[in-house]
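Single chain ahead, written as structure tokens, the form predicted on its own.
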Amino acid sequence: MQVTEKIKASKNPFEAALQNFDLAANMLELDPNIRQIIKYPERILHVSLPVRMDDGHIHRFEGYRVQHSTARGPAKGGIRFHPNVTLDEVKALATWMTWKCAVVNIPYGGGKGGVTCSPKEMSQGELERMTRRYAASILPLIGPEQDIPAPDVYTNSQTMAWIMDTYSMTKGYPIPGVVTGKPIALGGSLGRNEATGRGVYYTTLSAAEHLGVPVKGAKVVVQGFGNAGSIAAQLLHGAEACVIGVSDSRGCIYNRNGLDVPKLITYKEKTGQVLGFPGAEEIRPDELLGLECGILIPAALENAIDGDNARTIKAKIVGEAANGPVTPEGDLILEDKGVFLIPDILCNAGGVTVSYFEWVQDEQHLFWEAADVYNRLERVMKTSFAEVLKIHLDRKVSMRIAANMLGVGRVGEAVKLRGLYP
């Protein structure tokens, strides 16, 4: 069976998620009844969050928590604080989380949350009050057995600590397993902070090995120098790749001879941006994506590579550290160009994998050494890459469709075995 569906251009991430699901479901010849059960979210909670700001006035924020699937286990997914958060974005992210957890074969379903806000313009006190209000509002959905939040865009271990404390106070005793990505002092896992970037690194190494492309000396471009992007860049730099361009929300920099990534990380920690880094020149965002390179890592937000700019991509490997950075239309263009794409639900699954490790440690009250975490993560990521690659080669489909086929197939099997209640 060949994929013949026409991809329509869309900036709506949930529509893109549904298109990718349909392509995979069609290739699997998925039972129509199973398709009806697993395509759409199980639960959607939309909350209004009145928060007292520092100047005394009350500001109302919009918040969401979506559980796409709990067929294979508790819902799992991050919470993002961003001015562009919408319900459709959260639904898409929850959907991708379902397939992502299934691709790396951990016993979770997909969830996601978000609050529409501008965290960079808020004080620490305002962020804490908003986070606690949000946690209290989604309390009926979350818990270590039903839905486990984690950090995402503009949220971090401190955000998770506030959610854990809010939840625990309502129960009367500490429940560290309600969230992952917590501080180590509250039951967090060693290796969790760098887990997403490490997962990107391991899958990129696997892709390079498959293609016969040496990592040593390979030119690398990273769009989005946040947690995942900076860690992936640092690890590739350590493997003697040449990181020539990076960007963050404030601008893009380039050095044809390579950037000193450890020094750049230190520079950004001090200044809050990559612009102005000594020895680098500022370039435009469109120039960054079009740089001649072996490896391109889009690690910012969704829809970064679409039908308009995909033709300018010159990379041999695109590793999706972000969620949904390439639109379905962009996918087809990259495929036609012969670009090897590592899809997001495989490439950036290191974060949720180590979140699973953290949850296991919390539930057992027994914690692992960092080396144990790294070894287990490498094994999971490389095994999952090999499973997706096998489908890609055997069925002659794109890596995106292959990953979705693996994820959708595993969720479909779980639903079939469980049956329909009542």
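In this text, residue numbers run from 1 along the sequence as written. As the structure is a prediction and not an experimental result, all values here were calculated from the model.
Although it is not shown, the form predicted in complex with a small molecule is what the next lines describe.
**Student:** Would you mind picking the one in 268, 132, 314, 210 that has a heavy atom within 4.5 Å of the small molecule in the model of the complex?
**Tutor:** Selected residue: 268.
**Student:** Just to be sure I understand the contacts: of 303, 227, 166, 146, which is the one whose heavy atoms reach within 4.5 angstroms of the small molecule in the model of the complex?
**Tutor:** By the 4.5 Å criterion, the partner-contacting residue is 227.
**Student:** Taking 206, 319 and 382 as a possible spot, do all three reach the small molecule in the model of the complex with a heavy atom inside 4.5 Å?
**Tutor:** The answer is no; none of 206, 319 and 382 reaches the small molecule.
**Student:** For the chain shown here without its partner, which stretch in 69-77, 253-261, 292-300, 121-129 has non-hydrogen atoms within 4.5 angstroms of the small molecule in the model of the complex?
**Tutor:** In the other structure, the partner sits against 292-300.
**Student:** Is there a heavy atom of residue 110 lying 4.5 Å or less from a heavy atom of the small molecule in the model of the complex?
**Tutor:** Close contact is absent here: in the model of the complex, residue 110 is far from the small molecule, nothing within 4.5 Å, heavy atoms only.
**Student:** I'd like to check something about residue 154: if you look in the model of the complex, is any of its heavy atoms closer than or equal to 4.5 Å to a heavy atom of the small molecule?
**Tutor:** Judged by the heavy-atom cut-off of 4.5 Å, residue 154 is in contact with the small molecule in the model of the complex.
**Student:** Can you work out whether residue 170 and the small molecule are in contact in the model of the complex, taking contact to mean some heavy atom pair no more than 4.5 Å apart?
**Tutor:** Residue 170: no contact with the small molecule in the model of the complex.
**Student:** Can you tell me whether residue 248 touches the small molecule? I mean in the model of the complex, with a 4.5 angstroms heavy atom cut-off.
**Tutor:** Yes, contact at 4.5 Å.
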